[in-house]
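First, one chain by itself: the form predicted on its own, in structure tokens.
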């Protein structure tokens, strides 16, 4: 079942329920902010202090970073992570595939506001498949008369029991850029989180496993050769108005993306597809 809902302030979202799973997707940002399968804990972390307000990004779930990731590389006044996560998307397709699987598609097209920030024509679509797995397929088509370069991410916040309990498998041997130190290293063993982490991995493995005490979360990526691992840790969590001081303990971001050297040039008429499939076991 697909329901159209709104919060008391008019903030619109879609609620999806089927025999297997449930999800909630905000029209602002095409932002999946809740997903869980029956009889399991939520797969996604959502801050208790998250803003659900026009023009403000939601802390948690899966924000979409487009058409650039992080700060714009030539103009730092432009919004962090681009404009997709704070733009209003339209719902272009809904389908109850079967009793266990629901599909929705959301679309973002250029507006005078986006043109002021990024002077290109585009057609961006997000297909969300809600079932035993959560599948996110982000397609960017160049409808302009000239090529454009994009860096982007599915900025997924995973819900974990405690940051002390998790191990990230599948990154061993991968090079990573440490954004905190502005240096590149090689991951020598499976990753544990013991301090602030902000790394961009040049990964070869398509499956990354987030091992927790009571479950494993599997993240499979397509159209991506980069993965961000991020946790703000103690001091930065305290500085965030939309995160509880201890919120960092129950989240870890594993972000499927096209970042730094993995940025993509999309030729006129071409489409770049970034896909992530996630599930717990």
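Positions refer to the first chain, counted from 1. Owing to the predicted nature of the structure, the values given are computational and were not obtained by experimental measurement.
Omitted here: the form predicted together with a small molecule. The next part is about that form.
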For this chain shown on its own, do 69, 85 and 228 all sit within 4.5 Å of the small molecule in the predicted complex, going by heavy atoms? yes
In the predicted complex, which of the listed residues (143, 80, 92, 211) lies with a heavy atom within 4.5 Å of the small molecule? 80
For the interface check, one of 134-142, 120-128, 151-159, 106-114 should have non-hydrogen atoms within 4.5 Å of the small molecule in the predicted complex; which one? 151-159
With the partner left out here, check for me: in the predicted complex, does some heavy atom of residue 34 sit within 4.5 Å of the small molecule? no
In the predicted complex, residue 215 touching the small molecule (heavy atom, 4.5 Å): no
Interface membership of residue 59, the small molecule in the predicted complex, 4.5 Å heavy atom rule: yes
